[in-house]
Each structure stands twice: as structure tokens, then as C-alpha cells.
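Form predicted alone, single chain, as C-alpha cells, below.
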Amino acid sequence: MRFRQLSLALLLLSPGLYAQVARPTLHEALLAARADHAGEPGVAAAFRRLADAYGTPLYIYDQAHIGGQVDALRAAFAPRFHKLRIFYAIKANTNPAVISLLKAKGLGAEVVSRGEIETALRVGYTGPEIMFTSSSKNPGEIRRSIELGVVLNVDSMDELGQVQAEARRQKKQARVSFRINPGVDPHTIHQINTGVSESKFGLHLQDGIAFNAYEKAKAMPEIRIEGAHCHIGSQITETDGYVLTARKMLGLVKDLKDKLDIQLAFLDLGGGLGIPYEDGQTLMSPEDLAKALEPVWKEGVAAAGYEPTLWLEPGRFFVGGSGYLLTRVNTVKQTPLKTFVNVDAGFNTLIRPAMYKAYHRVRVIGRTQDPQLVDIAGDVCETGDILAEARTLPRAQAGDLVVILDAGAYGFSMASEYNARPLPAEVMVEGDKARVIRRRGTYSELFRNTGGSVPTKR
């Protein structure tokens, strides 16, 4: 073990020397690519092993990274918040193997659909370990949640009425929290900014809307009030929005206790912790956030006269940095204006760059020389299918491998079969071993559920 640690240190500090010492494990090769040493022969050999064994495009997940992220969050919060429960936002990466890892680390499941409920059940969660958050639940989802004892995170008064009616039909009490819109801007990407007043999510604090929801729910025998929930956005990089939100939410906790005699079992401050997508980027750490929230929490619970359990529900933070999308160069095309490196993945494989203008780091495997300015272009027949724009990278050739970093969150979970391209495979790396956790899609699967063969025109 000490030898391998020394070898990895040599790789990061002196990659040329490392190449003479040892062959990196797959895990070490992933770390080396992150540290911008993807050009080293040993690292390139490791990525070629994966490409040869499983094909491209290929999603690769680093198991050690996922566990390390959970440990980092827990180490920051547990000493400061003695009543703490951590959930995983399954939408970030819905692979059962990934979810199972997080379940084994003691995390609950936060879901946004019936499909995610069934996924959680499949990996061993029970209903009481699941929170269902969606602004638009259908009747079947409400029915299934009440059957299982899932915490329903109610988003509107209309929904509350539907939950009450279904609970009455089942002769059960529905476990309910309310999603609150705190009217806070955490300064993140517009499409994932969920806490601002104009967002579609939650019951607003302003004008007493959220308070009135609790008052009405208290009078409903079919409803069991469990907690309060908020989520101000994803990829949050500063503590200020969290602190302001916590102060507002703890104010609601106090009002509910003082005016309605409601004591909440939990207060959920959501997820949204950002991860670095660029080299050298320093963001808010779990320690930074926990330290900023601690005095606000202590002041708020003292004012309320009791302490609910603090719930947190990150998704991207746990899995985003664990993921690598490995692609192969189809062609390199020079035009009068640009050079395009055309790869065998597109926005059907990783939609974040096209949807959010998101930046992902890119490495050319096994190349270090002759850098040039290029666009990494996908294989989807759309002008906007650019995975990385205006990057200075070592000169690539057809057949080379290119890896896109930080693709573990909202990568495969948002992938599609657009342009009739089968879904990529997913593998999990542990040490020097890789195992398939989702096999590659097939062309025959493109025609599943179509009712048989297409008649031939005569």
C-alpha cells in the first residue's frame, strides 16, 4: 500500500519518473487524468484497457471518490449538528450500483419520480427511508408514496388536497413536509436556480403562504406533518445563500411552534453543493458551509425552543467528480475558422454543455505535444452539439481517446437515444478492477416496445 501511495505521489509530482516506477492502477489513472497527466504512457495504457474491454463512449465511475465525498460531508457536519441525516438526490445518477454504494454509507434516498421510488426500492430502501420531492406529482405517484410510507414533499395547496383525498381512500395518514420557496438567489446557473421567487418550486414564505399551508394541514386528520424542506439550487459555490435561507427557514420553524404548536421532526436545507469543473478552481467546501451554518442553526433552534433534525440531500457533490466520459476520436476536421475534433459521443450522451453551456475539462489520452485550439464536437446532427469549445489541447488524431471529466452527475441520467444511437455502457472502478454496472445499449433495443416488425412497403 505504501509503495502504491508513493508511486501515485511520484506521478503527480514527476510523471516521467513515475512511468519508470510502476504501472498505475485504473483508479490511479483516473486521478492522474484529473491532475492533467493523461498524456503519460502508463495512464494512457490504463484508459486503453478500459476502451478495449468496454468500448466507447463509456461512462467510468471512481468508487473511492464517491465514498470520500460522503466522508468529507459527514466529517464537516456531524461534529457541529448532532441531529443530522444525509440523503442522496438520486436524480444526479440513477445507476443502482451507485445508489447502493451511497446506501451502504448510510444515506437516505431523495427522489423526484415514481421511477426513482422503484429504483430506491430495488436497491433495498424502504418507504420511510425515502423523500419524494416534485412540483408535479401524478395521482399514481401520490398513491404509491402513501402506500409505502414515503415522506411526500408537498409543493402546492392543490397537491395537499389530492394527498388528503388519497390518504382518506387508503385509510392512512400521509407523511408530509412542505417544500418552501425562500426567495433566495444563490447565484448559480439560471436553469438550476430553484430558490428564487419566480421559480416553479415550493410554497412561498411571503404573504404567509407557507405558514397557511401548515395551518390547514394541521386540521386534516389524514395528514401527519413531518418537516419543512427547501432547495435553493444546484452547483452553489458560496455560503451566503445557504446562510440566508437557513435563517428564513428557522424563522418559520419558530413561527410554527409559537403560533400553531407544530414541532417539526426535521428541517431539510437541500443539497446543491458545487464541485470544481475547472483546473485550479477553489469552491465552498463542506467545512466552509458547516462552519457558516452552525451559528445560524444554534441561534435559530434556541429561539424555537427545540431542535429538529437537520436533513441534507446533495447529489452532484457525491457523484459528479467520480465520473469520466471516455470517447474515441472519429475524425479531425480543419475549416477556415476552426478545428473540430469529432468524437463518438454527443449531447445525447452528455447534455450539460448544450443545455447549460456547462464547462467540463477535457484530456487527450496519450498526447502531450503540438497543442492547438479546437472544439470537441459530438456525433449528433445538431449545430449545438459541441462538448467543449475553444480548448487548447494536444493535437489529436483519428482513433485517439479523449476523456471528459466530472461527468458523474447529470450525465448518463440525462442521456437519450436521440439520432438512434444506443445508450453507452457504465463501469465502476475499484483499485485496478472495473466492473460493468450497465451494459451498452444495442440497436435492437431501439425498437423495443414498438409492437413488432415494421411492415415492408411493396
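So that there is no doubt, residue numbering starts at 1 and follows the sequence shown. Treat the numbers as computed from the prediction; the structure is a model and nothing was measured.
The next section is about a form of this same protein that is not shown, the form predicted in complex with a small molecule.
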Only one of 143 to 151, 210 to 218, 306 to 314, 68 to 76 sits within 4.5 Å of the small molecule in the predicted bound form by heavy atom distance, namely 306 to 314
Check: Taking T133, R352 and Y356 together, does each of them reach the small molecule in the predicted bound form with some heavy atom inside 4.5 Å?
Finding: yes
If we test each of I376, V98, A89, A345 for a heavy atom within 4.5 Å of the small molecule in the predicted bound form, the one that passes is A89
If we test each of A64, M414, A35, A53 for a heavy atom within 4.5 Å of the small molecule in the predicted bound form, the one that passes is M414
The small molecule contact at G323 in the predicted bound form, heavy atom, 4.5 Å: no
Checklist entry - Would S234 show up as a contact with the small molecule in the predicted bound form if we use heavy atoms at 4.5 Å? => result yes
(message) Quick check on H229: any heavy atom within 4.5 Å of the small molecule in the predicted bound form?
(response) yes
**Study point:** the small molecule contact in the predicted bound form: V176, any heavy atom under 4.5 Å
**Key:** no
